[in-house]
Structures are given as structure tokens and as C-alpha cells.
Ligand code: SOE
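Take a look at this single chain in C-alpha cells; it is the form predicted alone.
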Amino acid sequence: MKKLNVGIIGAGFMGKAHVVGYSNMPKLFWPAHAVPVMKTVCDIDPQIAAEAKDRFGFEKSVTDWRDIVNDPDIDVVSVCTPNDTHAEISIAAIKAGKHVLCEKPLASTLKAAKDMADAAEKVPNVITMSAYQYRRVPAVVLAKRFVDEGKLGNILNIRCVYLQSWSADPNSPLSWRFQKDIAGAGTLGDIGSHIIDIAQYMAGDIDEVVSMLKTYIPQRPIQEGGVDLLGTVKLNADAKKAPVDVEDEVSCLVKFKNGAIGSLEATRNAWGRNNYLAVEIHGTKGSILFNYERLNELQVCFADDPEHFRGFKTVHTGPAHYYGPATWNIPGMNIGYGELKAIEIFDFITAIVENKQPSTHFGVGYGIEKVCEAIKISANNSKWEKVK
């Protein structure tokens, strides 16, 4: 069976998630199209790199990402570093003939995202993927099927929200996610980009936006060390602080090219919401509701149901639905984030073996960044802004 040697750059939270995906993919999807081999892990912190090697079963660890990109034995590169490094690493990997899976957002600036998409287009035999895994939740893919088959009729409205609470505490440290020169944006790029992707996946390209961006916590305690802890550690209130220069919340109205309208809202400051990514679609023949905190369920309502029976009904996804091998034996056994990353890797490896770009290739990631740019401009001038 074909084997693909994997190099992961960045051994933090997302690096671990990618390792879980690569390791579990052939365990769930067997026979696998190809088997990933954990070859090399990279982190700029030597101790973190060495620990990741032993913890995750890599053959070796390095502290310079170029050692992975320039290694002729490496076939696949996962980029799990802060946003401002995505472009340099990914473009170098593409030029070296490596297949690249890059975490979202694609880059910290629109120009860098364009450069990445252009580089990928110039080397068509290299497969690129932006890590928008939420569109691969089986319930979301089922919703897309209902849309494509016309079960909802014409799409009238789509509402997408992504609410988290991990940065609601002002004592959460100032990680790179709160620094514009590294992240490029705050909530918009971090989690807002996910709902932009799902909105366009369901209803087509967004044509125009009007938006607001808001920062609630203007400064945070300075974080010691380079590990992004996503709010799981709180520093003392008297710790030295530094300014936050990105938004905590984004809220906007959108118009789609197909005539549908909708709204997008994302915040990391919503107490009580853990990972509340919710999508509601209304059409002329029915409605759909999905909530990631109950990711194995899809709520559906169809207009042609008998009047006494009309209302949202729950479909529990399982082996009869998309990515069935990953959803265990019967509906209700359920999947979680780990299986979802394995599904993402399954799509990535399948694209490599079939030499066919996946649904979230770098060009799609660049398209999401164009919407993000329009949202930023609109928030600044308080006007409707066309997506370029």
C-alpha cells in the first residue's frame, strides 16, 4: 500500500489535531488510499519539538521548518503555525513539490493569501488544502445535499453564528491570536472565517457585506512562552499587560450572488457558549438547522410535511451518511473533533492519490480572505462593500 511521509510544522494545539487526523485516518477508513507515516515534526522551541517527537511517534524532530520543506523524503506538509508564517512556509513547500495542508485563515494578509493561491495554481500536480474542517461534518454535508437536491427550494436566507467563550475573561493571556501583526485579524480570521466558508458552501459566493467589528477587552496580560493555550490559563490581574489590536466580535449582513441574503456573527466573548457554530437555512420549501455542539444531529423541516406534523425533526447521522466509516456502527454512537480531523485528512489524502484538488483548495481559502477583507473595509467606512 502507498505510504506518504508527513512533516508537521508547529507542535501546539493544531499540530496535535493534525497528528490525530493522520494517525486515525487509516484506522477509520480502511483500506486507506494511502497510509501517512509520521516522519518529522518541527517547532521553534527545541523542548516542545523533542517532546512532540516522542509523544506523537515521529521519527525525528527539528526546529527549522526548512528542514522539512527541503527534505526529499517528505511528501506532505501540514502548516500549523501562527498566521503570519503560513505564506512563506506553504509557498516554499509548494515549490519543493510537497502537498500542503495549511490551517486557516489562509494567511494574515490578503496579498499573502493571493500569493499562496497563485503559487498553488502554478504547480497543478501539488495538492493544497485550507483546513476548513467544519464543512466536512457529516450533518453539514447532508445539509448541503438537501440544498443541492432542491429539497429546500430556493434559498432565501442563511444565518451563521460562531460563538465561543474562551477569551471572555480579561485575564486570559495575550497570545498571538490577539496581535494583528501575527494573526492579521481577531475573531474574524480565527472563527469568523469558518462560517464564511460554510455560508458560501451552502449558498454560493457572497457578493456584498455591511459589517461591524468591536473590541471589548483593550489589553491583556502578557503571555510567557510561545504555546497558545486558548484561554485555558488565567494570569494574575496585576500581571503586566499589553494592548489588544484586533476585534473580539464581528457582526455583518451579507448578500449572495444568487439573490439570497443572510447574516454572520462571531465572537470569542460569549459566556456559556463553548463551540457554538450554528447554521440556519431557510428556503421556499423548508428549513435546516445545525449546531456543532450537537454535531451528530441535523434539524430539518419541510413545507410539504402534513400541517399537524410540521416542525423541526432530528436526523441522527451515522454509517448511512457521509463519511460513514468514521461514524462507528450505528447512529447515536457519534463522532467528535478527533474523527472530524481524520475525515479532513481522508479528503486530503484522497485528493493526493487521485490528483484532484479538494473542495477547500488554496483558491477557496483565498476567496474567503476576500470576504474578510470586504468585512474589514465595511466596518471602517460603515457602508455596504462589494467583495472584490
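No experiment lies behind these values; they were computed from the predicted model shown. Numbering starts at 1 and follows the sequence shown.
The form predicted together with this ligand exists for this protein as well; it is not shown, and the discussion that follows is about that form.
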**Q.** Proximity to this ligand in the predicted complex (heavy atom, within 4.5 Å), stretch among 67 to 75, 301 to 309, 245 to 253, 129 to 137
**A.** 129 to 137
Q) Only one of T317, Q164, S211, Q179 has a non-hydrogen atom within 4.5 angstroms of this ligand in the predicted complex; which is it? A) Q164
Q: Heavy atom within 4.5 Å of this ligand in the predicted complex: which of V147, I191, A120, A260 fits that? Just give me the one.
A: I191
Q) Is there a heavy atom of H99 no more than 4.5 Å from a heavy atom of this ligand in the predicted complex? A) no
Q.
Contact with this ligand in the predicted complex for N291, defined as at least one heavy atom pair within 4.5 Å: yes or no?
A. no
Q) How about R220: is it within 4.5 Å of this ligand in the predicted complex, going by heavy atoms? A) no
Q.
Is it the case that H86, even though its partner is missing from this view, gets within 4.5 Å of this ligand in the predicted complex, heavy atoms only?
A. no
